[in-house]
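Only one chain is given next, in structure tokens, and it is the form predicted on its own.
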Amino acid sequence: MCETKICQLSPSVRLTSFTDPSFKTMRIAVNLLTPLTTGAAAAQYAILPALATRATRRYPDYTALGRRLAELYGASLASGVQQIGPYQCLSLSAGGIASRYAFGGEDMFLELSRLLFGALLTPLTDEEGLFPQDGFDQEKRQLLEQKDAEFSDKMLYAHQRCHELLFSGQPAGVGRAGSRKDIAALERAPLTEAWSRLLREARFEVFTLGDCCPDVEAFREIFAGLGRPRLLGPVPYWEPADCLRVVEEQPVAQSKLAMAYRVQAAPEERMLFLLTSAVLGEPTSSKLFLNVREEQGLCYYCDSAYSWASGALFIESGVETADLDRAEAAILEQVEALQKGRITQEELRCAQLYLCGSLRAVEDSLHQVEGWYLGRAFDQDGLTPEEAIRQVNACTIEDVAAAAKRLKPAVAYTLKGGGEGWSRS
């Protein structure tokens, strides 16, 4: 039977255990949340999880660690970096089969915990006390390559530029790994102290997921003295005085239009605004898809997405350069229709079915379960997907229209085809 328990190990460390024997696997994850400050600090922190999980003191090179993971039936030791509102989230995780499937009778939870906590608490360093040079060089190169890939993906690039403009001069505008320039300036020497500082100052969200059950007191001992208490929340709201319009030109075949609206929403209204976005522009039943993309043929794609952590709704589209003005006018017409309550019962129901389907799928994946409860650390603490479904289905057309009226236009960014190249900064 599936069971979720949330336990505060200390003022700065929380353990969420999702126990479900229907899974044949388990996952242990540690998420370190630290406020975004500067691009230089963001780049420095962004490289650390990958360095820590490349090797451990017990398995001090890639080959030795890979052999050990293979012995543990193809287990994994992984890392990740993401941005959640004004916070940078650095994750380390270990995953593998459940103990009952181990032919040799291994305690897989114990073995995975040893690997993960070894990487977290005593990462591999050289005789100078620094992360090894070869690992640093490779991980720095990979971060730079990721930046280049993001620049080349114009859909992603346009979203990032719109987000940067929306939060220009604020921590939320820094980005999950800083700029390419920040990454290129990384040096190895400060990273050991940066890791120690992170362990002292981050908020910890720890997860055990799948067919496993943690020893809470053992975890309490492992994390004793780590972290710093932090109250998590979305980006502070400010009402835009006017809509910032920015046009950049690049030699691309398809122009991009990205629009951002700020929203002041209480935590308990998160599902309402997710539903509002679904009515506007996510499923094939939405207003933007049916009226702008299909009926008028003005966009290759035209979607909306509500970011609860950013307190913003984004509308993004791929458009022929000659159709940019017409596409924007058509999009604004659909936003206005939403605000005026021109919503059919069928549109509402289709959006509810779409959103509830996504919520029901959360518990199909351990990674999604982790993401769900990590998000709930910022709002509606402990809310289950089933409770969220009930909130969605309780919303009415009048609720959605009232929510839409609270959308405040903040940024209209256009990446216009036909221009010269753009600096990858």
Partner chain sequence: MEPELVRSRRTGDCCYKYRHPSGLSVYLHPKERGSATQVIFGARYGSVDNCFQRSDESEPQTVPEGIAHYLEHKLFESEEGDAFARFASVGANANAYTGYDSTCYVFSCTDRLYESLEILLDFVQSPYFTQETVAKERGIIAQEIKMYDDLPSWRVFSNYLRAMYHRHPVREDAAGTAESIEKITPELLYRCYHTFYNLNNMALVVAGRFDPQRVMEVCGRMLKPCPPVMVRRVFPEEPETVVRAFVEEKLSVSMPVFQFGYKDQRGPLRSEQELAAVNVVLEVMASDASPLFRRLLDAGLANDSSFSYQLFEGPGFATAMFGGESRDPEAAVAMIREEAARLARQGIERADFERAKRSLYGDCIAALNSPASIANWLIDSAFRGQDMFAYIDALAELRLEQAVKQCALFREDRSVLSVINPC
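Whichever C-alpha set is largest while still superposing within 1.5 Å between the two forms counts as the rigid core. Remember, predicted model here, so these are calculated numbers, not experimental data. Numbering follows the first chain given and starts at 1.
There is another form of this protein, the form predicted together with the partner chain, and it is not shown here; the text below is about that form.
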| query | finding |
| --- | --- |
| Heavy atom of each of L9, D215 and Y237 within 4.5 Å of the partner chain in the predicted bound form | no |
| The partner chain contact in the predicted bound form: T37, any heavy atom under 4.5 Å | no |
| Contact label in the predicted bound form: F23 to the partner chain, heavy atom within 4.5 Å | yes |
| Contact flag, G318 vs the partner chain in the predicted bound form, heavy atom cut 4.5 Å | yes |
| Proximity of G225 to the partner chain in the predicted bound form, heavy atoms at 4.5 Å | no |
| Region of this chain that lies against the partner chain in the predicted bound form, out of 124-132, 151-159, 307-315, 334-342 [heavy atom, 4.5 Å] | 151-159 |
| Position in contact with the partner chain when the complex is considered in the predicted bound form, options E398, D364, D381, E387, heavy atoms within 4.5 Å | D364 |
| Interface residue in the predicted bound form among A253, A184, L110, A189, criterion: non-hydrogen atom within 4.5 angstroms of the partner chain | A253 |
| Residues in 335-353 with any heavy atom within 4.5 Å of the partner chain in the predicted bound form | E346, C350, L353 |
| Rigid core fit then L69 CA moved by 2 Å or more between the shown form and the other one | yes |
| Exceeds or equals 2 Å, Cα of E111 between the shown form and the other one, core fit | yes |
